[in-house]
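First comes one chain, alone, set out as structure tokens in the form predicted alone.
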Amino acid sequence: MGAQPMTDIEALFRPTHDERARQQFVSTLRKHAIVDLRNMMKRDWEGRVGPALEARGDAPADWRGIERAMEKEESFRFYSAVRYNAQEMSFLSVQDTVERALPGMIDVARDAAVRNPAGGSLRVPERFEVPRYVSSLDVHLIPGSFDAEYTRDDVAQGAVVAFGSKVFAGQHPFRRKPGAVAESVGNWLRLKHPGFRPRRILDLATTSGKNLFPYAGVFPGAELHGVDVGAPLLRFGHAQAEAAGLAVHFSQQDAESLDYPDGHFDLIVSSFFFHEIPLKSTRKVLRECFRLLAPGGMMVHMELPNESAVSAYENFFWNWDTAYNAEPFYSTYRAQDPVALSVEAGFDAAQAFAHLIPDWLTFGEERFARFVRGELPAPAHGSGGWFVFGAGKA
């Protein structure tokens, strides 16, 4: 008899009627905050607060000045209160469902780690020191952050992050299919560099691999690797990959110092990673990218647009997370020039880039191809586009 197929760990997440209703309400509430209240606050700035300051000769010079002016206003305070609570509730709303299913999820993850029917692997060392910038915060207001473990072979945080993120994004007006970043970056590379055929791909801060898995479809035959500091995320992701028939190699490692040999990868990627780590860590990670890339390889990181790429008001909006979303390095990262950081890490400035690409599915294949040919612009980040930076290695 052949090997028994893996159980899909996601299928064990079965909300009750009331839990599902709560999760749908939270999705709608967050949409209201991030779309409706966001627009309300901008109208208040453009129609009342900003003009009044300008009339007094006290127009803010930068986003910090806008923040100082707006933090006293009811529009900002109401927006912040709703957004903060909706963010927190996104992950709280799935906890009861996860805790009820947790024993079964752990069994599935253990089975995957023993059998590896798809040919992937999972490396979680006995002793691993999670960086304090993760372990000391509930990053994104996720209770327990990415790394908390409560029992042997725990996958709870992997499940909370995975399902809470679906609640978080579920009612957003723009497409938020799992793996949207990887699908978009992969197809951009495929069209922009038709001869590029990576042998090995590394995803930094992979969480449970949702923005790693799509590369298997874009670059068939490529060996997929994902690293993260959170063991529960990796166990959950490994079980998902094995159930999906994807041979993915997960490893608990700090991206500042990885144990792979020089030149081991042809493509290194990440999604929303660098704004969550200190600037000194960013520099170390980018130096690791340079070391690990083979000649002819590329790194492509999807990130927030840096300050110089958007207006002062947009910087005020984006940098809200620094103070209110347990992401203290957010605005420090965004103040940097990602091309300059890449060059500092060893990459040639002529091969470095920082720009927008469209979302693959919402933009459509035909229009995406026109974007690659330079015939169409990409939508703004967060409105159907993704800001990416990176470089090739000569």
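A quick note: this is a predicted structure, and the numbers were derived from the prediction, not measured. Numbers for residues come from their place in the sequence shown, where the first is 1.
Omitted from view is the form predicted in complex with a small molecule, to which the following refers.
- With the partner removed from view, the residue among 316, 215, 146, 168 that has a non-hydrogen atom within 4.5 Å of the small molecule in the predicted bound form turns out to be 146.
- Out of the listed residues 292, 298, 201, 229, 229 is the one that sits within 4.5 Å of the small molecule in the predicted bound form by at least one heavy atom.
- The small molecule is not drawn, but in the predicted bound form it has a heavy atom within 4.5 Å of residue 134.
- A residue is said to contact a partner when one of its heavy atoms sits within 4.5 Å of a partner heavy atom; residue 83 fails this definition for the small molecule in the predicted bound form, lying far away.
- Remark: residue 121 does not count among the residues lining the small molecule in the predicted bound form, judged by a heavy atom distance of 4.5 Å or less.
- Looking at residue 188, you'd find every heavy atom of it more than 4.5 angstroms from the small molecule in the predicted bound form.
- Only one segment in the set 250-258, 95-103, 236-244, 111-119 has residues whose heavy atoms sit within 4.5 Å of the small molecule in the predicted bound form; it is 250-258.
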